[in-house]
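Only one chain comes next, encoded as structure tokens, the form predicted alone.
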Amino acid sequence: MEQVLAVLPEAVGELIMQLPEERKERIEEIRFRLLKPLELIINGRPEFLLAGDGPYIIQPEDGVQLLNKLSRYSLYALEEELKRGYITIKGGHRVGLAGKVITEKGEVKAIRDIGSYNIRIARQKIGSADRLVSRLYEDGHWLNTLIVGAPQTGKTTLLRDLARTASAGCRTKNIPSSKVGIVDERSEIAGSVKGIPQFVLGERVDVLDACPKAEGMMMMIRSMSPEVLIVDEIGRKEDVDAILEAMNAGVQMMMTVHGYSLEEALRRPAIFPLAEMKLFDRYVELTRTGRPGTVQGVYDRDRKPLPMEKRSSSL
């Protein structure tokens, strides 16, 4: 939380610092909406912080302070980030933005008059993929894997740790290290700041940051020859075309897709053809039941459930 506290307006930072340590460690999002109550998402549930006799109301000066700290008092430096609608800060945390969108020739040029900020707290859980490794690595190579889950079910956390494991290898399971390419369209997997990943990803990882997935996958294959390719939140037709080309080139792929269940995700028009061709060797289904990151099940290419190592079911 230190990197996040450093960019918060003083009044907001002081309120959060007063929370018990256990609750601070479970904060998932900090939401600013001008002239609305300050909202925290803790364990998936909304909470409004109190100040005096009522909830703390976000003032325009709070928004100005936050934006000044995020930009280090130079909005020009954030021109590209403002086009994308989010800013990645040190530590890999992401600040989403909403306000008046300025377009030019049908494309977003900038966001002005920002009225909402969503600070998503990034936490790396090293070892969260350990209990899945024996199901996702077989016969000397990683298997093409699709991770399915609703928002905040731990998809990116798991994908990040799989990238780290593939890059570093796993001595206890006799898995050698691999060249890993990450196409990080939303700067969430590696959380790169000025080209440097903010998370521990191993020594053999190359990252294309803020690059559209379809173009990035082809760029990565041509320029960096990865053995394992990692992408987050697939869903467009062009993503599918790039995935097919990558798999035909012999690159093993791990990716995530949004879905409240495996069956729902596989009904999506872009995903259905891949599933029907049985291109995914493994499916991992995540749920928020109990706590974020709970593994609902691991399935083979025919969607038959596989047994898992007997450890905590949570990432």
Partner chain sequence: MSWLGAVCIFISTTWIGFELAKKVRERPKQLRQLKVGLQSLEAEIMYGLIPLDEAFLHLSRQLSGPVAEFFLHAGKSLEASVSSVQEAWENGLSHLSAASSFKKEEIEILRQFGATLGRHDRENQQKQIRLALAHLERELAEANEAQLKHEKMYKSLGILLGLLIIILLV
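From a predicted model like this one, the values you see are computed outputs, not experimental measurements. Numbering follows the first chain given and starts at 1.
Another form, the form predicted in complex with its partner chain, is not on view; read the next lines as being about it.
Chemist: Heavy atoms within 4.5 Å of its partner chain in the predicted bound form: which stretch in 65 to 73, 262 to 270, 47 to 55, 248 to 256 meets that?
Modeler: Of the options, only 65 to 73 has residues within 4.5 Å of the partner.
Chemist: With heavy atoms only and a cut-off of 4.5 Å, decide whether His141 touches its partner chain in the predicted bound form.
Modeler: So His141 does not count as contacting its partner chain.
Chemist: Does Lys194 make contact with its partner chain in the predicted bound form, using a 4.5 Å heavy atom cut-off?
Modeler: Residue-level check for Lys194: yes, a contact with its partner chain.
Chemist: Is there a non-hydrogen atom of Asp241 within 4.5 angstroms of a non-hydrogen atom of its partner chain in the predicted bound form?
Modeler: Looking in the predicted bound form, residue contacts with its partner chain do not include Asp241, since no heavy atom lies within 4.5 Å.
Chemist: According to a 4.5 angstroms non-hydrogen atom cut-off, is Lys100 in contact with its partner chain in the predicted bound form?
Modeler: Lys100: no, not in contact with its partner chain in the predicted bound form.
Chemist: Would you kindly say which of Arg171, Lys125, Arg222, Lys109 lies with a heavy atom within 4.5 Å of its partner chain in the predicted bound form?
Modeler: If I apply the 4.5 Å criterion carefully, the residue I get is Lys109.
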